[in-house]
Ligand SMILES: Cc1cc2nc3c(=O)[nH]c(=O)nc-3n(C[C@H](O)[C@H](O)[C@H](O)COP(=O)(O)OP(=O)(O)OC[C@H]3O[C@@H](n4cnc5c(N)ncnc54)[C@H](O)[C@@H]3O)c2cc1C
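This document starts with one chain, in the form predicted on its own, laid out as structure tokens.
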């Protein structure tokens, strides 16, 4: 019997984790990446592995969005433009901003989050990945009573679903992170989380995939997913080359709707642009933070990495582009100066933006497409791509090899829309 052949379209964290899991199970796998491995959203995200948190669709989110959306310096920014697809997405998003939807999501994402952090840790340990993986959680830092109240509510929600989150006073936070500025009112600690260097993680997983026999091709743009009857047969590249396969996994993040549309699939995904600024650890750069933290009111993550601190965040809906808005970058460090002492004015060692695939219901899309034998989707992870990478890879491999995953993910299947 011949080896099962699988094609993974996309070489980011989701695509590489799918390829690794397939290769580890002895399935012949080929990755097709239009750019370089890990060059998209996986390259410069905050590096936070944060399981179990509720979706971005929450009660009050629409009012908050309306107040912020036209302010270029706010955590959320919607660039003014005529875009019917965005309007449809916002309408669908708004209908899911209910307490009932949050609870329904938590019933799925809380247990999946526990599986995700365990799977992540096992992968790092089993493959001895050199990616600065540090378990031990992260802290949320609040400077207003409203922020502290929101943190308290999230802690309660996570504790109801079996996580060890706790609220902290401003004094307790200052003890754990001396660099915090005066005025911290309180916050929270999420011990179930972890951090790592996201780009190095993807490159390490790619190398392990190669060792297991997987083939990785960069600079190969897929123009079309090929079909014969109700079955997927492979892909056609932009240069006309056809590559056959028994299974095709679409894992191209914010670019997934384009290929899916050619198959008549309408994926409710919008590209949510995030930014980072990296400041070196020196007198004119960043202070030597002891712990990773998120600055609550500004939604900026501060992640200590090897020799620098990454300030990452914001959510910008401006279409499928990589235009860097200077004001969005400046907002990262401007916000950080309100929370952290000792932040200098040195030039950043890196500035970056990337596109995260955000679904209208806040949940990823993982699983086979009904009526198209051999086609699976692994996309729409929003800000949880790194967190859910290894578990998504396992789920996709189990679908292909066993016909069903070992965890409950029916709520994430593509046919829910």
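All figures in this text were calculated on a predicted structure; none of them were measured in a lab. Residue numbers count along the first chain shown, from 1.
FYI, the form predicted in complex with this ligand isn't displayed, but the following is about it.
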> So, in the model of the complex, is residue 350 in contact with this ligand at a 4.5 angstroms heavy atom limit?
Replying inline: no
**Message:** Can you tell me if residue 208 lies within 4.5 angstroms of this ligand in the model of the complex, counting non-hydrogen atoms only?
**Reply:** no
Checklist entry - Does residue 93 make contact with this ligand in the model of the complex, using a 4.5 Å heavy atom cut-off? => result no
Even though this ligand is not shown here, does residue 34 get within 4.5 Å of it in the model of the complex, heavy atoms only? yes
Answer among 185-193, 105-113, 244-252, 263-271 for heavy atoms within 4.5 Å of this ligand in the model of the complex: the stretch 244-252
Since the partner isn't included here, can you check whether this ligand sits close to all of 75, 174 and 331 in the model of the complex (heavy atom within 4.5 Å for each)?
no
Among 123, 312, 293, 148, just one has a heavy atom within 4.5 Å of this ligand in the model of the complex, namely 312
Checking 143, 101, 220, 325 against this ligand in the model of the complex, the residue with a non-hydrogen atom inside 4.5 angstroms turns out to be 220
Within 40-57, the residues having any heavy atom within 4.5 Å of this ligand in the model of the complex are 40, 41, 42, 45, 46, 47, 48
